[in-house]
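This document opens with one chain alone, in structure tokens, the form predicted alone.
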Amino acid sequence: MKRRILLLSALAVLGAATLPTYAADKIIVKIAGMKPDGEPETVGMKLFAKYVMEATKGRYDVRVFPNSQLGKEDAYIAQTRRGIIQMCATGTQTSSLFPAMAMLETPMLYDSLDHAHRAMNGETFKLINKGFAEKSGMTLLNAFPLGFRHFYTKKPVNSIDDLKGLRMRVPNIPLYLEFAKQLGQSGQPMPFAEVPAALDQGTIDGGDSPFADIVALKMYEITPNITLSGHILVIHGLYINNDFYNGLSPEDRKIFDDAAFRSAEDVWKMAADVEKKAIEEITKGGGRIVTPDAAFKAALRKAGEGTWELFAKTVPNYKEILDSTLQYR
């Protein structure tokens, strides 16, 4: 009898994990993210929260936890899958659950922010996302840019040959490591927070990041040479636990969907302005910005296409995804 009671108690705890939390007749929704205040990911989360709470007149209390307050990225993704929290913001980290999600950041795929915006509002996003909810336990509600990645280096980079042999920090993601390899670089995986110390110690020669990160850590003071390579567009999105999402009434689900769309559109509109302001700050701070010529860009594209073979091995519809972007150029 005692064993049966313990078993029922354990099942009750597991079941409760997927239920929403109520506080004074409000439904609490928690969203976790990794970026600090002011960065596009956090802006997107806060706008989503604002739109949901306005549309429901506060019936939903959407609470945003940026800057890894609820743990590192893999931890809060796991919490969202299990229903411990309802939502999170992340990027291609979810490719460990569903390989096609890595194609959100396919190297050298987009000509511009506008090109990517159209693709993410169209068939490309649908094709990448197809089957993800069933595999992961989460639904991806939207996609928004953190910005194109650009190289920052101690030495000037005026041609593609200047990148060869450099020890460059990369995220510990196979796609990024492969791109560095295709360029003839020595990819050094490490957390972004460790980059300034590694540069000071001479462990690395540079790296690549969106402007928001370059400006946030004032990377241009340590590595004053910024190359506008734009080789990878970092795309994040809002993910929601399937049980919670599917348990919403049709009216509330539409409110969540509309809020996700509106918040993503706001971030897309901000993206170009963020890049312009970052260039001004970098230049004012003593950074040197170089725009690659056509030959440099062609070499970057060749390296990018060299990474696409990774998708052929893991994503059954990868060719359809790549081809779908052509209509949005």
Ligand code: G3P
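Bear in mind that the values here come from a model prediction, so they are computed numbers and not experimental data. Each residue number is its position in the shown sequence, starting from 1. Under this definition, the rigid core comprises the largest set of C-alpha atoms superposing within 1.5 Å between the forms.
As for the form predicted in complex with the ligand, it is not shown, yet the points below apply to it.
Using a 4.5 Å cutoff between non-hydrogen atoms, residue 234 counts as a contact of the ligand in the model of the complex.
The ligand is not shown here, and in the model of the complex it never comes within 4.5 Å of any heavy atom of residue 148. The closest heavy atom approach of residue 173 to the ligand in the model of the complex falls within 4.5 Å. Contact annotation for residue 132: none of its heavy atoms lies within 4.5 Å of the ligand in the model of the complex. Using a 4.5 Å heavy atom cutoff, 73, 92 and 213 all lie near the ligand in the model of the complex. Contact annotation: the ligand lies within 4.5 Å of heavy atoms from the stretch 28-36 in the model of the complex, the single such stretch among 281-289, 53-61, 28-36, 262-270.
Positional change of residue 152 between the shown form and the other one reaches 2 Å or more at the C-alpha, relative to the superposed core.
Once the cores line up, the CA of residue 232 ends up less than 2 angstroms apart between the shown form and the other one. Fitting the two forms on the rigid core leaves the C-alpha of residue 210 displaced by under 2 angstroms between the shown form and the other one.
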